[in-house]
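Single chain ahead, written as structure tokens, the form predicted alone.
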């Protein structure tokens, strides 16, 4: 049984070794731990609780038997196709940073992760995402050969948003591991939006981003996932927060055959605050998994989570949110909410909020609801002359607006509104 379980892992590792090799920027000790973890645990399947509704082993076995894909050179007109006025535009093609076509603001260091000085990497890399805690984090640690590094200097106020355009130009089956590191130093403020555009070929992106927020730093981080129906991906986000820092993350998922989002936030010092928001519109046979973990380690910290989903067709949407309150984390405020709408009798929503509390002076709550469009509200709108389809869309827009309204960058919010509207059609 063990040999059968590991067969997919061994095959995948051999294929990845051919096309990428080991990550030269990763510490050898981390690579060793990662490979050992993969050897012992393999790629997750639906027999593991955390991947119960997301059988990644079966998908890789079926869709990525041979990684014979190729990277196609990027066109030179990226700015004509992907550009946001009034923002700093960064371009990544197949996870590789194109510095010459990108706009880099002052008081920052933005480059390919392979070009980052070793001392900077040693301080942060693999400090927040453990290489021996999850198979895809381990896979990324062992084989990542590309990625983006963003450093915002202490005290810097980046007034315009930074837009990271993720463009994919591949052919056939392509599996790649991208490793990103965002360091926001003390008293810095920044808005970062990552936009994932439709892929040209069949891709599996194993993307891992570590975020460090220094004391009093303020970070608004948004991910817009719309990479197309031939895209498969696992996105891992590991965040470490220092004293009085504020980190807000919003993820919007509109397409992708398989999208798995792992978000882990550690509130390491007092008076830190995090906000996690998500909006998903799934359809056809799409599988979307959101897994969050908020670890309250110190007193006087606050976290808020709001995830909303609209499931249509035969899609499967999952939200699993975990909140840990450590014994020293007194005066914690932690709130979590998952709300979902089913547009089809064949769609499935799985919601599993979890609280684990070891402190006695806290305010924590969680709740979840799943149902169809409110028939009373629908009747009310129809009675006032609004057609049924328009009334239904109006109610869905109202449902989504609470999450979209939390986006700090107006251009990103407008972009999300358009994608949501298009996805409803």
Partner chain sequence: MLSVKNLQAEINGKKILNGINLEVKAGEVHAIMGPNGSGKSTLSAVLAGREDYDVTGGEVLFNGKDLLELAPEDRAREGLFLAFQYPVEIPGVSNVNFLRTALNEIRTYRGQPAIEAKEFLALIKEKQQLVELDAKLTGRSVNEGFSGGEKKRNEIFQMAVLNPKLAILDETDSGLDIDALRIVANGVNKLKSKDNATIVITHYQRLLDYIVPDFVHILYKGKIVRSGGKELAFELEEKGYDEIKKKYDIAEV
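Residue numbers count along the first chain shown, from 1. These numbers were taken from a predicted model, which means no experiment stands behind them.
Just so you know, the form predicted together with its partner chain exists too; it's not on screen, but the next bit is about it.
Proximity to its partner chain in the predicted bound form holds for all of 375, 385 and 388, with the criterion being a heavy atom within 4.5 Å. Of the listed positions (381, 67, 362, 59), a single one reaches within 4.5 angstroms of its partner chain by any non-hydrogen atom in the predicted bound form, namely 381. The closest heavy atom approach of residue 31 to its partner chain in the predicted bound form falls outside 4.5 Å. The closest non-hydrogen atom of residue 395 lies within 4.5 Å of its partner chain in the predicted bound form. Partner contact region in the predicted bound form: 395 to 403, out of 363 to 371, 32 to 40, 395 to 403, 59 to 67, criterion any non-hydrogen atom within 4.5 Å of its partner chain.
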